[in-house]
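One chain comes next, on its own, written as structure tokens: the form predicted on its own.
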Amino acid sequence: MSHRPALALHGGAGVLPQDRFPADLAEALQADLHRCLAEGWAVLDAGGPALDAVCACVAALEAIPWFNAGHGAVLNADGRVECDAAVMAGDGRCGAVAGIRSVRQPIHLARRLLEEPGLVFLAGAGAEAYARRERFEPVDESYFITPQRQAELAQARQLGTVSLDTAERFGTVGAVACDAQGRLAAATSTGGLTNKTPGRIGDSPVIGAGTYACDDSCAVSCTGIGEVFLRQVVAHDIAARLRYGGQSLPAAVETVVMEQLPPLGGEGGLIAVTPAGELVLAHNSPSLYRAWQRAGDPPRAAIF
């Protein structure tokens, strides 16, 4: 099998239709998506591994305040930040964290766990204690909190909801990659849902639900209504359809995203890549903030 390096990222599934989305905001958003894609593509273009590429993309996305990950993560019902992240390599190594409040870029902490024999998933105080032992420089929780997220929480409390229909509601971030050796990787990072119950964990940091990679099938990063994606173990389901069911990646994604999820309330989308560098980016929501590139092709970004 020939391996064509490929990379895709997402900044979450959006709720606004195109006719209600400000044009200047769309332009600025796509510029940031291109910039984050370039961070990962530089790794692949230099012959580096898919694992490094997806972590570079997600770390860049975590630093942008209008995405719901890292700096700019949404606030729970107590007004606190609880960041979740996961990363998986196609050889089966993986790491995940949840409830992070003092690590600047949660995806780097998840990556450190991937390299740790015997550990996969740490949450809350245990995860932050591990970060201190591993000499991650702590940041105050205020680093993550922005005035926009505070305003969104106030609105959500007033409405009694855990989601907002606003132009600023960008979501979970993630990336998938195939490198020149056919190695795959996936990474996902999120702040969860505005006004969520403290301690709530969705699909993003759960291996097989929101994040999954297998060199024999595909790598997947999801975004959307986390509880539905979690119950349906969507990321692994896509991979299993290829590995055991013989479906193509486009067919597997079409079945899950467009047919299986909507009746269950599973609004959202995903990005996926095969060892041949085939990319599929799909959503049943009004939009999916996304960017992608394959060797020999120019980078592209889209919202709708």
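Residue positions are given as counts along the sequence shown, with the first one as 1. Keep in mind that this is a model prediction, so the values were computed, not measured.
What comes next is about the form predicted together with a further copy of the same chain, which does not appear here.
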- [ ] Please determine, with the chain shown alone, which of 226 to 234, 102 to 110, 182 to 190, 136 to 144 has non-hydrogen atoms within 4.5 Å of a further copy of the same chain in the predicted bound form.
- [x] 226 to 234
Task: Selected contact from Cys178, Cys222, Cys83, Met88, since only one has a non-hydrogen atom within 4.5 angstroms of a further copy of the same chain in the predicted bound form - done: Met88
Open item on the list: Test of understanding: in the predicted bound form, would His71 fall inside 4.5 Å of a further copy of the same chain by heavy atoms?
Closed with: no
Open item on the list: Is Thr197 near a further copy of the same chain? Define near as a heavy atom within 4.5 Å, in the predicted bound form.
Closed with: yes
Open item on the list: Would you classify Gly160 as touching a further copy of the same chain in the predicted bound form, given a 4.5 Å non-hydrogen atom cut-off?
Closed with: no
Open item on the list: I'd like to know whether Leu75 contacts a further copy of the same chain in the predicted bound form, with contact meaning heavy atoms within 4.5 angstroms.
Closed with: no
Open item on the list: Need the contact residues for 126 to 154: heavy atom within 4.5 Å of a further copy of the same chain in the predicted bound form, sequence order, or none if there are none.
Closed with: Gly126, Ala127, Arg133
